[in-house]
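One chain comes next, on its own, written as structure tokens: the form predicted alone.
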């Protein structure tokens, strides 16, 4: 059974994991610990716990439990003192307090949710993302970086504070992997933060595994405005030190113009400008579910189809 490690955070990880869990592979998710927005940010500040949000999403993606249990983990309170908090975030934080270990908390929730694979925080150090823009403005935390509309004007540095060492379990997973999948996800908020954790880049460099980068579908206005696939790769190479990617998966499908128009306030489609043998193009767009327009979040309109994405990844893994 091939061992596949998926590195990232947020909804990008969710799409990859949800599809791959249906294949005969040994699956591990290594999750960014830079999140500090929303419910996660409040729990970090008030309880001093590690950020549960991205981990929760990965657990739900890998869960082989009932639809009810998956819905429960994602249930978000809409009023009262718990307004804005998801049940899964509260459960993970409470278990961290009870066990004294975030890793144990993740393990126990994984058992409850009957996950098919492993979920590992990239670090167990309490750390925050920082970015210094060229205009000397400092963005404090992942939330400020995510909301910034100035990053595409240039930044001087991006780093974690305080210094964070990699989780030894994450390093072991990378070392033993047959395939490492990086992305899709927010470039500065979900992908690069993993590379800033000490030990991760060296582990990727030394690993015998083949490495895959999954290009994003959309650019984020003010952050990756005008980025093509080569720009994403180049940006990641700055932090890795070399181009390690054996494969680059790119969507070649185009969503309806209606969706592009709706999304244009937030960003545009990522164009593929690489014509190399390692670039694998496929139709990877998900279907738009029928909902009232007011219920649609723009960032969810154009998204990867988890089944199609997993199919392309398994083809690679199966031929290793």
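Numbering follows the first chain given and starts at 1. Bear in mind the structure is a predicted one, so any value in this text is a computation, not a measurement.
Here the subject shifts to the form predicted in complex with a further copy of the same chain, a form of this protein not shown in this document.
With the partner left out here, a further copy of the same chain still marks one of 248-256, 266-274, 279-287, 39-47 in the predicted bound form; by a 4.5 Å heavy atom cut-off that stretch is 39-47. A single residue from the set 128, 221, 97, 143 has any heavy atom within 4.5 angstroms of a further copy of the same chain in the predicted bound form; that residue is 97.
Interface residue among 135, 234, 71, 206 relative to a further copy of the same chain in the predicted bound form, by the heavy atom within 4.5 Å criterion: 71.
Taking the partner from the other structure, a further copy of the same chain in the predicted bound form has no heavy atom within 4.5 Å of any heavy atom of residue 154. Proximity of residue 179 to a further copy of the same chain in the predicted bound form falls outside the 4.5 Å heavy atom cutoff.
In the predicted bound form, no heavy atom of residue 226 sits within 4.5 Å of a further copy of the same chain.
Residue contact with a further copy of the same chain in the predicted bound form: residue 90 places a heavy atom within 4.5 Å of it. For the stretch 49-85, the set of residues having any non-hydrogen atom within 4.5 angstroms of a further copy of the same chain in the predicted bound form comprises 68, 69, 71, 72, 75, 77, 79, 80, 81, 82, 85, in sequence order.
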